[in-house]
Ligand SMILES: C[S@@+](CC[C@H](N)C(=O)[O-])C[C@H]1O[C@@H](n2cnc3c(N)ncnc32)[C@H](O)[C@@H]1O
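Next up: a single chain in structure tokens, the form predicted on its own.
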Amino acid sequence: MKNTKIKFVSLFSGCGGLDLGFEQAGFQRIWANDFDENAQAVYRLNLGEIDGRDILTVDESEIPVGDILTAGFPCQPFSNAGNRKGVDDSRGMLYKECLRIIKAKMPKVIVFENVKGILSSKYIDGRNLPEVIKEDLETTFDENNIGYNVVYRVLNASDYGVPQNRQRVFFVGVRKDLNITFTFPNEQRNKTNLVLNQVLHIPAEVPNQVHWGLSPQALEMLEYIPEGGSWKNVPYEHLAPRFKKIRDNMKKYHSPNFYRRFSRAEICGTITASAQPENCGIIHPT
């Protein structure tokens, strides 16, 4: 095993974050797919070739056999930041495409990744969606009636050395005939090296350090937000209209603690696809 790279196939690869981690851990990617053109551009620039077809049009016979199958199937239907339509959003059923390919290829291990909101999502018949996914994988049979032993859990990236509080659900399935019990690794206890004060001192020679200009609206609000504070520190008359709507009914919106200027003594919040304060609400300490 040490002399042979374990091969993996990547579905719903996005811009390649999960794939990069697998490659850095010593695995060999043999095929990847994502439909989004912007994700493909980033993927090709950093990792290499990626199949850009809609997975619905890709026949199983065109996909190579890997030891591991990874999939970050679309998370928008389950995200707390979205409309939470779940499986009522057509993207929410795309994990079924993973099942189609798993049945044809029967990889040794399956790794799914998704947002925390999937834990409270329901399947079309009212059942808890994660349990449906687990059951589907445990009863995904080939001609020898082999399924998978599946565990799933919320993991926070900061528990594993990443300087960002980012919670994601991971499903790991190991083919039953391998008789292997998977357990998630232990969490990192001391996180003092992950706070912003420890990670923002980036050497000048590190590439891709880009300063994004902020909108006039964001600049006005930022004047009133101290380090460690949030939109709640902004006087009402200087709030943007959507924040006034929330301030007017804090109970309805559960007093959200977002649009924050993080303290240098904190671990950063989740960086989203659109990193502007108007969308992800994370502001540099200084």
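Counting begins at 1, following the sequence as shown. Values in this document were obtained by computation on a predicted structure and should not be read as measured data.
One more form of this protein, predicted together with the named molecule, exists but is not displayed; see below.
With the partner removed from view, the residue among L94, V199, L214, L99 that has a non-hydrogen atom within 4.5 Å of the named molecule in the model of the complex turns out to be L94.
For the options K245, K252, H238, R53, the one in contact with the named molecule in the model of the complex, meaning a heavy atom within 4.5 Å, is R53.
Here the chain stands by itself, but in the model of the complex one stretch of 221-229, 27-35, 256-264, 61-69, 27-35, has heavy atoms within 4.5 Å of the named molecule. When contacts are defined as a non-hydrogen atom within 4.5 Å, all of G17, P74 and E113 contact the named molecule in the model of the complex.
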